[in-house]
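Given next, in structure tokens, is a single chain: the form predicted on its own.
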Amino acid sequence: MSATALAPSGWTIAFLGLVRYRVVVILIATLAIAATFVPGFFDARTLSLGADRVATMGLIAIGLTVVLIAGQLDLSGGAILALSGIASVGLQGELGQIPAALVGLGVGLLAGCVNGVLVVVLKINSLVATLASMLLFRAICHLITDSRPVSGIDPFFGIPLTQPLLGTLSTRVFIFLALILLLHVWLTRMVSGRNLFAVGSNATSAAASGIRSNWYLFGAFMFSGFMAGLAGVTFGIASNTGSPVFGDTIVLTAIAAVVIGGTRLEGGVGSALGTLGGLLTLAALTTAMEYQSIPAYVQDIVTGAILLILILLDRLTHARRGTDVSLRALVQRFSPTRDAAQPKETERTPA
């Protein structure tokens, strides 16, 4: 058989390219559909609304990206957001605004340490551990506030966080973008960032090769708690309100955005820029459907469908953990010459 006949067709290469860059493709498709059905979708006000929507959830998604790459799960982000927001707003009268905000950040960090102890020290499954801590933190929120929202001492204090800077983006959007770019640099340029992927792929093997896996796992939960605390502090200060019901469903949406961005729940695979793409996709989708007055449950159906499609495509390109997903590797995988080039099992010489 000639090499030309065995080579993959142009359609196959095009399909594999779409699969390889599926996050970018679906983001562009979402933006195009939104621009078609929503007049003025790219207006400054609409973009500002969408970007601001991403900021708070994005901070939680940054922490979740690290936890998921490490092969763990953290469901407590929403409760930590509420607890940190209550601390940063409710303590303003006693401590002052800046010290109260620092206490709110400390609450997030402490909550992350609690999760780290449960998972790393007590060896509890991260799903069960963070589910329990989520219930605990949420109960504390209701206990200290008597299930009522609390207000700050100055409603104008948080306005700079929501005011546009350099066009349409607010201060908290710039904070989110700066942090996710720093995460990208850490994951791709730093040895410690690359070690996190090794821990997520196989913590035991990583420890055997000299990587302190438990410290990475503990640090991942601390970081996730801190980012949820930062989200709670910025959201609480911006709205001048702390409430025990804030962030009820934000974690599930943030996890969906991280997974849409290509991070695998099994760990060892993921990227900060992929998470950014997932967040932008969900923000564009939600904004467009809200402008069309589409019910919230239909929005959830669309989000779930996109998530399922991307997970199926992910399974297509990751038949095994650690498989090379470059375009060249995918072409080789789907090429008929691959089978011909590999020796058959029966042809191996016994030892």
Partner chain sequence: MSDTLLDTTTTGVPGTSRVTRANLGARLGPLIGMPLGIVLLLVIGTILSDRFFTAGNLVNVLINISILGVIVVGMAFVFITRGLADLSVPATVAVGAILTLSLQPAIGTAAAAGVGILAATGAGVVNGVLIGYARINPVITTLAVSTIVLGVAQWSVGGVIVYGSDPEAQAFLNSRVFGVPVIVIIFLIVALLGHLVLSRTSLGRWVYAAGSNPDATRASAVPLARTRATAFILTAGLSGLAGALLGITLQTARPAIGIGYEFDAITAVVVGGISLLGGSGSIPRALGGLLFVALLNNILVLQGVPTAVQGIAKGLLIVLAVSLDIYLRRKGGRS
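Not measured: the values here are computed from a predicted model. Residue numbers count along the first chain shown, from 1.
What comes next is about the form predicted together with its partner chain, which does not appear here.
Distance criterion of 4.5 Å from any heavy atom to its partner chain in the predicted complex singles out L127 from the list L177, L127, I153, C113. For the residues A208, V185, L122, V191, the 4.5 Å heavy atom test against its partner chain in the predicted complex is passed only by L122.
Looking at R212, you'd find every heavy atom of it more than 4.5 angstroms from its partner chain in the predicted complex. The closest heavy atom approach of I140 to its partner chain in the predicted complex falls within 4.5 Å. Contact annotation for A203: none of its heavy atoms lies within 4.5 Å of its partner chain in the predicted complex.
Proximity of I311 to its partner chain in the predicted complex: non-hydrogen atoms within 4.5 Å are present.
Contact with its partner chain in the predicted complex, judged as any non-hydrogen atom within 4.5 angstroms, is confined among 297 to 305, 29 to 37, 283 to 291, 53 to 61 to 297 to 305. Taken together, L102, L230 and I250 are entirely out of contact with its partner chain in the predicted complex: none brings a heavy atom within 4.5 Å.
Counting a residue when any of its non-hydrogen atoms is within 4.5 Å of its partner chain in the predicted complex, the hits in 130 to 149 run L131, A132, M134, L135, L136, A139, I140, H142, L143.
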